[in-house]
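What follows is one chain in structure tokens, specifically the form predicted alone.
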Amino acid sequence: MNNKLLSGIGVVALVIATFYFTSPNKNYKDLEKQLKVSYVLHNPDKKLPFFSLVDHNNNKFDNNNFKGKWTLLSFIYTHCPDVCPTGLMDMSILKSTLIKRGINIVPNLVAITFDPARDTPGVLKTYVTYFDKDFLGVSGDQVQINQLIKPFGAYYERVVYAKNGKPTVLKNDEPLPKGVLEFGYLINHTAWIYLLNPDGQIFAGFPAPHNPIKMADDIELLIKNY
């Protein structure tokens, strides 16, 4: 993906996140000053919309799957040439780092696709478990995924290339042109990783590029001070 475009999308995501999440808790504001590579996005008044998707084992995956545990979440697509593979590898390294440190709580790893038309549960299972056997891939209804990404400040757009190389950008609510699945398309997208708390709410965000070691430092602080 174009680096300038990625940077621009990242700035937009940060502005949206800052606008959307304003934590009323002064302790979290103090905590944020200690963080190296993350932002506290916690706001108990901002809940995720109800959703019902399917995981890579064809089991139902909804809001309840985020409750009672810590979760590291990323939005991806399996045809991504660079950003998504890098992010998933970073999440795997992060998990290994936390385990080596012997901390009691290691978040679950979840990846939800922007692109369910191509990323079926079977495709996702093969893809995400290549990076880490504990990853859980999630697919499902495109409309519900589009609603779910909004409170995260996540964004994507599909780019279809004509035979002469001319790109056409499709917004995420536009239907795919006929035949495009056969010839393929790319997706420009945000690349944040999110930490969800055991209440199933967004708690913190990690913008790209990711540093798994510094992320592990922040996660220890975030969980300890929750």
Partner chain sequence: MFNKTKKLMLAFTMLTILNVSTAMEHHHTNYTTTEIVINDPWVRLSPPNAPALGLFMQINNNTNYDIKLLSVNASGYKRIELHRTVAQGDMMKMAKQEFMPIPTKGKLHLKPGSWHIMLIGPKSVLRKGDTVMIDLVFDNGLTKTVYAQVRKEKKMTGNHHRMMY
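Numbering follows the first chain given and starts at 1. Quick caveat: nothing in here was measured; it's all calculated off a predicted structure.
Beyond the structure shown, there is the form predicted together with its partner chain, which is absent from this document and is the topic of what follows.
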Legend entry - Contact check for 105, 199 and 223 against its partner chain in the model of the complex, heavy atom at 4.5 Å: no
Legend entry - in the model of the complex, segment of 50-58, 65-73, 29-37, 182-190 with a heavy atom within 4.5 Å of its partner chain: 182-190
Legend entry - its partner chain contact at residue 78 in the model of the complex, heavy atom, 4.5 Å: yes
Inset, instruction - Determine whether any heavy atom of residue 123 comes within 4.5 Å of a heavy atom of its partner chain in the model of the complex, and answer yes or no. - result: yes
Legend entry - 4.5 Å heavy atom contact, residue 98 to its partner chain in the model of the complex: no
Inset, instruction - Please check if residue 174 has a heavy atom lying within 4.5 Å of any heavy atom of its partner chain in the model of the complex. - result: no
Inset, instruction - Scan 44-74 and write down, in order along the chain, each residue with a heavy atom lying within 4.5 Å of its partner chain in the model of the complex. - result: none
